[in-house]
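What follows is a single chain, given as structure tokens, in the form predicted on its own.
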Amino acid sequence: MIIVPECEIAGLMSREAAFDAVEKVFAAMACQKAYNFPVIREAIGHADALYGFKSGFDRDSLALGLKSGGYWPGNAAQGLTNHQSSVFLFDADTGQCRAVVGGNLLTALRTAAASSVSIRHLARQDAKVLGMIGAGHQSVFQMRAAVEQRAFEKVFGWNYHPEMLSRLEDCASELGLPFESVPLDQLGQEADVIISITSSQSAILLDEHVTPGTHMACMGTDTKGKQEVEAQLLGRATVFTDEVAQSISIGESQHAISEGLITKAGITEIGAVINGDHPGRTSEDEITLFDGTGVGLQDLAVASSVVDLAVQKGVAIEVDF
């Protein structure tokens, strides 16, 4: 069995490799060559933690396994990240455990890769202004991945706690982009691409805030009750997702579905756009929205890539198991 510890991930997995792995697995999902198993996510009644696992199987790559972990809100006080996870890969032919991979950085990279895939395939080609809603740990990964897809000229940011916006400002500066903290209505009206990356359970961005031609990627924590944008906005947009089943149950679409503003049949898996089976954006005025729910197959795809790289570079730890 191979072990790739968390400390090795940064030297192995690039944004480009994560993008490629996620794009391919989305395409395989849309062709029904890869599928996710039901998600388990529960409060454990200890340390205020949420624990769960996501799993799946890709018949193309033969990636089989699960990501196990969750959210421990007290970790920051101990110098640890609140989100903790590990990925377990199994041999599809024998069922033997093939690898255990540190999943914290991989989760951040694969989540950012998913929104980046949506920008490449759905945003207007002339998009110039990037809007960021949320300034937590994941936000800088989102920004770095997003700017590789369009020639953005500036970044707008908003966060519930304005003092945290320095994280976004510093990242934008590193990328050579001017940054401005703006009210939500201005962000919605002037940003060509908007990424929301929060844990909100009530609408932050309202329907009236968003102008025609905008692309949105709703990437925040997905669970029952989550909501980052007003449900009416999904009723006005063309809605895409990684997996429809998660989108309507724990994703951004759950509220619009329950209010009868959209239907399950009206949500398109982004893999269909990647494969050329759906046109994606059809006009410059169309509002497109990607509901990124975070599927287990994303984790398996990037973890499998990391294992291959670790073996190639001689940093994989091999143990008898």
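Keep in mind it's a predicted model, so treat the numbers as computed, not measured. The numbering used is simple: start at 1 and walk along the sequence shown.
Form predicted together with a small molecule: not shown, discussed below.
Pick the stretch from 116-124, 157-165, 95-103, 206-214 whose residues have a heavy atom within 4.5 Å of the small molecule in the predicted bound form. Single hit among the candidates: 157-165.
Non-hydrogen atom contact residue 232 with the small molecule in the predicted bound form at 4.5 angstroms: Residue 232: no contact with the small molecule in the predicted bound form.
Does residue 135 make contact with the small molecule in the predicted bound form, using a 4.5 Å heavy atom cut-off? Result yes; residue 135 sits at the interface with the small molecule in the predicted bound form.
Contact between residue 241 and the small molecule in the predicted bound form at 4.5 Å, heavy atoms? Residue 241: no, not in contact with the small molecule in the predicted bound form.
Using a 4.5 Å heavy atom cut-off, state whether residue 253 contacts the small molecule in the predicted bound form. Close contact is absent here: in the predicted bound form, residue 253 is far from the small molecule, nothing within 4.5 Å, heavy atoms only.
Could you work out which of 144, 83, 150, 236 is the residue within 4.5 angstroms of the small molecule in the predicted bound form, going by heavy atoms? If I apply the 4.5 Å criterion carefully, the residue I get is 83.
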